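Heads up, the chain below is alone and in the form predicted alone; it's given as structure tokens.
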Amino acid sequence: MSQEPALMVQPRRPWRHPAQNALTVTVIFTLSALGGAAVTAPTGLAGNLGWFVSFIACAIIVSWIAGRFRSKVAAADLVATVVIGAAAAAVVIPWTSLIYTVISKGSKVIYSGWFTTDMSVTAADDVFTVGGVSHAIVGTLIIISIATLISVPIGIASAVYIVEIRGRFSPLVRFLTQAMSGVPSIVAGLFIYSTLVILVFEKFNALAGAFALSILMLPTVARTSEEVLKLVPDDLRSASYALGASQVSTTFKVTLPTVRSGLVTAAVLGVARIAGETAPLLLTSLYLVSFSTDLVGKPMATLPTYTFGNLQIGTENAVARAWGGSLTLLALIFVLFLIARLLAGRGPGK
């Protein structure tokens, strides 16, 4: 005899009434919005931020009162919903506002030659139909690429030493990476300036900028890689050893391919950490208005220093160009992130 499949029993929530949810949310939102406006107007709280704080406070009070008409559980459920929704909004709203501001202000200077010309024959105050950021884009890619080539292998190697080898100096390596993560960016730039720029190269250059950024990128890559390697089950390593593989073979052929996606994420986080850094570059690679790929012979432009330089000029067109540089930097990092995710693959080891 065939057995009928067991029915899935769903937990009951008697304080939830689907037919009343939309009406309840509408009433709570309307009363809270009016309450926030009533509190903000006479007290002089800071604009939209003050209204948002007042709105959340009123929403908690109104949701508690509305829920009490049903039960204490319903009231607690409504309050929890409001608090969680407010927390989500507090994260999403500033991010959305930032992206919208950069796009709306930066798009004004974008034209057909923005990505193919430099500022060698263009002043910051000139019209937006001349000049561009090709020199800054190439400089940013060069310096970030060199910093990545320096930091990613060292960061992953330190994580392997801590997690896989577990050598005698593992606590010291972990302590140093944690200490490096707290180093201010200006200190890293000053260190490279006082050593490489003055004593070795005797001039500002892109290679010095890459070294400064690698100091900031290294702890992020190392700590993230360490946490990723800890996710690999010990049974996987034991199975590899049982088949006769050495520790080196297990690390390079089993452990690292398993967490390939996580290691790529560590590299992406490291790039995101240094992409917008300006202070170290002002002390190392400085800025150049023309296109250049010379790593050690002269300064090199980057998008952060381009943005800083135009913002420092302060005129209307110069500030608009600074917003355009910020938009270009965001777009560049987004493209690099997409490329990294495609290279990482969808699954472990792929």
Partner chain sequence: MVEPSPAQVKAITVVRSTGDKVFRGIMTAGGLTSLVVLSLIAGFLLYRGFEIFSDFGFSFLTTSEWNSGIDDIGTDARMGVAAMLVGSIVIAVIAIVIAVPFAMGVALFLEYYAPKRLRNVLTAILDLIAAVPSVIYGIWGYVVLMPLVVQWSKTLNDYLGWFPLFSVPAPIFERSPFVAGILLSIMILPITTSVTREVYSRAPKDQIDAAYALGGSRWGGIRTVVLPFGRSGLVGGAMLGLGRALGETIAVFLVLNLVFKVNFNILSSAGGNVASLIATRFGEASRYELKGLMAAGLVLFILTLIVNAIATAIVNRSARGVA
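Note that the structure is predicted; figures quoted are calculated from it, not measured. Positions refer to the first chain, counted from 1. C-alpha atoms forming the largest set that superposes within 1.5 Å between two forms make up the rigid core.
As for the form predicted in complex with its partner chain, it is not shown, yet the points below apply to it.
Chemist: I'd like to check something about residue 115: if you look in the model of the complex, is any of its heavy atoms closer than or equal to 4.5 Å to a heavy atom of its partner chain?
Modeler: Result no; residue 115 lies far from its partner chain in the model of the complex.
Chemist: Please check if residue 226 has a heavy atom lying within 4.5 Å of any heavy atom of its partner chain in the model of the complex.
Modeler: Result no; residue 226 lies far from its partner chain in the model of the complex.
Chemist: Does residue 333 reach its partner chain in the model of the complex if we count a contact as any heavy atom within 4.5 Å?
Modeler: Residue 333 belongs to the contact set for its partner chain.
Chemist: Heavy atoms within 4.5 Å of its partner chain in the model of the complex: does residue 204 have any?
Modeler: So residue 204 counts as contacting its partner chain.
Chemist: Among 239, 141, 127, 165, which has at least one heavy atom within 4.5 Å of its partner chain in the model of the complex?
Modeler: Checked against the cut-off, the match is 165.
Chemist: Between 120, 145, 194, 107, only one gets a heavy atom within 4.5 angstroms of its partner chain in the model of the complex; which residue is that?
Modeler: That would be 194.
Chemist: In the model of the complex, which of 107-115, 131-139, 257-265, 152-160 comes within 4.5 Å of its partner chain (heavy atoms)?
Modeler: The contacting stretch is 152-160.
Chemist: At 4.5 Å by heavy atoms, is each residue in 85, 91 and 248 next to its partner chain in the model of the complex?
Modeler: The answer is yes: all three residues contact the partner (heavy atom, 4.5 Å cut-off).
Chemist: Check each residue of 99-130 against its partner chain in the model of the complex and list those with a heavy atom within 4.5 Å, in sequence order.
Modeler: In sequence order, 99, 101, 102, 105 come within 4.5 Å of the partner.
Chemist: With a threshold of 2 Å on the C-alpha, tell me if residue 77 counts as moved between this form and the one not shown once the core is superposed.
Modeler: Shift of 2 Å or more: yes.
Chemist: How does the C-alpha distance between residue 231 and residue 339 change in the model of the complex compared with the present structure, closer or farther, given a change of 3 angstroms or more?
Modeler: Closer in the model of the complex, by 3 Å or more.
Chemist: Regarding residue 272 and residue 91, go with closer or farther for their CA spacing in the model of the complex versus this form, the difference being 3 Å or more.
Modeler: Relative to the shown form, the pair is farther apart.
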